[in-house]
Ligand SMILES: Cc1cc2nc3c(=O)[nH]c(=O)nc-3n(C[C@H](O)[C@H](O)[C@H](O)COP(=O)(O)OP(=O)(O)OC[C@H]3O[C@@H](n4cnc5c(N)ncnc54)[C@H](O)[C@@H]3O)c2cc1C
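Only one chain is given next, in structure tokens, and it is the form predicted on its own.
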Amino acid sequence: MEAAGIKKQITIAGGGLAGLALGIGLRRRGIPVALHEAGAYPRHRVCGEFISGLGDDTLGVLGLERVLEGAQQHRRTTWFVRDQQVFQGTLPEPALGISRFLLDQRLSESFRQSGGSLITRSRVPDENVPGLVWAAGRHRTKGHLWLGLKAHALNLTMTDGLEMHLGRGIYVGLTPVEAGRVNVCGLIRDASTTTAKGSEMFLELIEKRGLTGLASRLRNHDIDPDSFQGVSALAFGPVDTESPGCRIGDAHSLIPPFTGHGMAMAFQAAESVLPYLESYSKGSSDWQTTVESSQHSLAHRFKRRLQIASRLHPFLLGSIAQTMIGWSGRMGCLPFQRLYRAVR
């Protein structure tokens, strides 16, 4: 048994949204936390950089009420199929646009100010050991041909709010964030056909996949070269790993990015596991029970939206499906609101 008032330390591997949010929530409850991050802050990451479906209650539980201050509020979305506008509508609730460069910096500063120990440029082994929470992102999976790319376009004129562009084996989302920047984030299937590098590779792939108008539009604006990032061999859905342990965020499950709920899920995952880790730290629960309860809570919370999103994801990239989306959008019968709520 732990001595009265003595709390066990929680170690978090990975300082992305889920890891930092969890660390702040634990520190708010007086729990000692050491967080190891392989990189440093601030930096760019592959991310859609807009948040939808995140309630104030989650932010309140984690103590994050102020980290999203000043984020762009988006209420409209426009969809394009191979450069043809097919749908424009109102989001069921405002989506927030904020870069990971800014958001991660704010979260890391908040964690430090809360008394947490943040060790950057540090890695810990992926093991199921008591007190270790694995939040170090998605493992790359051999055999998966999905490539995620992002870059910031400067002072790009938008149609209205958020944009989604569908092409052959590609979709690209555009999100205005802070300081006149627009985040351009795409998911591409089998990008082995290009030999270009950096942001030019991104533009070339956009062009080759039938989005020539979007590529031309982006070429007419400056792209911040430091913002370009890529990640390959992505697989979606729950993680299948031989080292289960306590896993949160992308390390637990990765939702296809077209949903716009990936960032919200990172915060919600931290909220879900917080009470179990608090109980473990205070000596009220053993580690195995903590792991089982945490992972069950995450599976229950995210199972339905992951299943729906995983079915819709390949559908959006098929030529027949895109023709159907274009036709239903132009006819005014695209069930956008229903689909949006289904993946919440």
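The numbering used is simple: start at 1 and walk along the sequence shown. Here the structure is a predicted model, which is why all the values come from computation and not from measurement.
What follows is about the form predicted in complex with the ligand, which we do not show.
Taken together, the three residues L17, C185 and A264 all lie with some non-hydrogen atom within 4.5 angstroms of the ligand in the predicted bound form. Note on the partner interface in the predicted bound form: the residue among G116, G210, G148, G131 having a heavy atom within 4.5 angstroms of the ligand is G148.
Per the 4.5 Å heavy atom criterion, the ligand in the predicted bound form is contacted by stretch 116-124, the sole one of 116-124, 216-224, 196-204, 75-83. Residue contact check for A135: one or more of its heavy atoms lie within 4.5 Å of the ligand in the predicted bound form. Mapping the unseen interface onto this chain, G39 counts among the residues with a heavy atom inside 4.5 Å of the ligand in the predicted bound form. Taking the partner from the other structure, the ligand in the predicted bound form has a heavy atom within 4.5 Å of a heavy atom of A13. The closest non-hydrogen atom of Y280 lies beyond 4.5 Å of the ligand in the predicted bound form.
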